[in-house]
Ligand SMILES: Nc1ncnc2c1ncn2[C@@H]1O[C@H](COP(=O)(O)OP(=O)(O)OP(=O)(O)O)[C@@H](O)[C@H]1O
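Just one chain is shown here, as C-alpha cells, and it is the form predicted on its own.
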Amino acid sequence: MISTQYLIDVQLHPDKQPDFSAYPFCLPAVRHLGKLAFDPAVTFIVGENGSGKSTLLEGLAIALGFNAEGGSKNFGFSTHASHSCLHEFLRIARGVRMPQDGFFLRAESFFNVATQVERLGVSGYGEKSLHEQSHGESFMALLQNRFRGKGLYILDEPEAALSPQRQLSALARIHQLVQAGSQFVIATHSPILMAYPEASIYVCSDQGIRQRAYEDTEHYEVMHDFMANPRRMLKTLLETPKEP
C-alpha cells in the first residue's frame, strides 16, 4: 500500500560507513538508530540531556532541506555553524504526498529566526513583531499564524518558553494542524506535550533508541510520582544527611 504521509522512516544510509568512535555517531541513539518509523500524525523523540535527541532532529531537518538554525526552507542565514554532519548519512523514506508547508523550530536559535523574519519583512507571523513579544508569546504566534496546515513541522523543545497553560494551548493547536493534514516530529521534555493521543514516542538512552508507551516513559513516571505526593518526594530530595 502506498503511504500518503510525508515522512515514513529514517535510518543511517547502508552504503555509507561513518566513524562510530566520532561525534555524533558515537551517541547510542545514532549508532543504534535502526529504522525509526514516523507516526502519520505526531512522533516524539525524548531522552535525557545529551542523549542525542536534538542532534537526531537537527540531522533530520537539515537532510530535509531546512536551515540548520531553524525556519522554513527558504531561510538560508547562518550565525554560527555548529551542526554535525549527521544529515549526510541519513536515508529518509517519504510518502507520495509533498507537504505544502514546513518549518523547523529550534528553541535555542529562535531569536535568530525572528531577527531574520524582521530583516526580510516576511509576512504571516502575526500583526505584532516577534521581537516585541515574550519568548513564549512569539512561539505561540508562530504556531497560530505561521503554521498553516498540510505541513511538515519539526520542533526541537518547543515547550522551552511555554508555561503549563501555554503548553496545553500548543497541544490543542498541534491537534488542529494534524486534523488539517499536518505531520509533526517533536523533541521534548514535556509530559504535557507527550500526552498527545496515539502519538509514537521514542526514548533515547544509553541502550539506543526504543519506542515506549507514554505511561512507561521516565518523564511521565517522575511527574506522576511528584504530583501524587510532592511533600514526600521533596523530603527525600532535600533531606540533609546526618553527620557521622
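What you see is a predicted model; the values in this text were computed from it and never measured. Residue positions are given as counts along the sequence shown, with the first one as 1.
Quick note: we don't show the form predicted in complex with the ligand, though the next part is all about it.
Contact annotation for D206: none of its heavy atoms lies within 4.5 Å of the ligand in the predicted bound form. Proximity of S200 to the ligand in the predicted bound form falls outside the 4.5 Å heavy atom cutoff.
Contact annotation: R210 falls outside 4.5 Å of the ligand in the predicted bound form, judged by heavy atom distances.
In the predicted bound form, the ligand sits within 4.5 Å of a heavy atom of E157. Put simply, of H32, H189, H175, K35 only one has a heavy atom within 4.5 Å of the ligand in the predicted bound form, and it is H189.
The stretch among 51-59, 35-43, 192-200, 176-184 whose residues place heavy atoms within 4.5 Å of the ligand in the predicted bound form is 51-59. Taking the ligand as positioned in the predicted bound form, the residues of 16-45 that bring a heavy atom within 4.5 Å of it are, in sequence order, Y23, L27.
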